[in-house]
Ligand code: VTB
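In the form predicted on its own, a lone chain appears below as structure tokens.
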Amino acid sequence: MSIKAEYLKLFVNATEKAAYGASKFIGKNDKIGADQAAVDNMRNEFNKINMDGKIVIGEGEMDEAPMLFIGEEVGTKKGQKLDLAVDPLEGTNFVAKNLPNSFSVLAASEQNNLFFAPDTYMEKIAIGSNLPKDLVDLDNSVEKNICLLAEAKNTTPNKITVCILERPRHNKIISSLRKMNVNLKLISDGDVSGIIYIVDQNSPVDMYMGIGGGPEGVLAAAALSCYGGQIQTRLVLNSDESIRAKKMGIIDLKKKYNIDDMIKGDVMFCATAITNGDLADGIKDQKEFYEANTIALHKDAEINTIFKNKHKK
């Protein structure tokens, strides 16, 4: 069974309203205000939709987040049972400082078809479409993964581009990549969009690797599932997080998750740009309306498009 087609435009509307709420804080150095506006607007739109929805990846646990918390029920309870992964504002720093590539993001699946990832760090390696299955692996060396990808693409490592978060924890990986003369796209935040680079036709990025947020890993996997890309992940857990993960039903804490483990069946993905960026233009606030650009994907319907919508204020 697939997600009903009419939900896609409703979800696009939800991310666009969230993006508009956050856009009012662009350049104001108010991360909290921007995030709250995005959360409020997204939740308000969700509760207008005829669905029996549940947040499986959200703003945190119920005692940490007043809205869009993990386990929160949304919608009118009259429609299809859906699980939702949300990041109403990915790139809070980008909005606060008026930097590119901030988004409002969501993914939706049928009930129990999204990986229920705890809000922890996650190792990730991702590549694009039309490549041999299980080509790369987290347990391979950096050098081996690069060589495998280069060989599959019939090229050399110096023609490969890797996107990675610029963090001290990645210094060793970055050093290895530089020794191989691999091209680097270093990003400061926003690893959902960082992973989407690998399937964007206008981007030179061939691979994403490194440690980022677990919820963002699931959102990125939803997008890659629609594009036919690949991702492998593994949770990075401290002792307290290990206890939480076990309570959530995760038995093997060292398990590697491939895309089919994270996204089962049909999925929808929406990402509305807040600030201008490489993948889409941000919110344009006009006098009586605002314009929004949303990457919208529906796996079973094979929809891969950018909606350009105008909304009255």
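Don't overthink the numbering: it's just position in the shown sequence, from 1. Note that the coordinates shown come from a computational prediction; the quantities given were computed from them, not determined experimentally.
Keep in mind that the form predicted in complex with the named molecule is not shown, yet the notes after this line are about it.
Contact check for Gly213: a heavy atom falls within 4.5 Å of the named molecule in the predicted bound form. Within 4.5 Å of some heavy atom of the named molecule in the predicted bound form lies at least one heavy atom of Leu165.
The named molecule in the predicted bound form comes within 4.5 Å of no heavy atom belonging to Glu72.
Among residues of the shown chain, Asp206 is not one whose heavy atoms approach the named molecule to within 4.5 Å in the predicted bound form. Checking 146-154, 198-206, 239-247, 118-126 against the named molecule in the predicted bound form, the stretch whose residues place heavy atoms within 4.5 Å of it is 118-126.
Checked against the named molecule in the predicted bound form, the candidates Lys133, Lys78, Arg178, Arg169 yield a single residue with a heavy atom inside 4.5 Å, and that residue is Arg169.
Residues of 86-105 placing a heavy atom within 4.5 Å of the named molecule in the predicted bound form, in sequence order: Glu90, Gly91.
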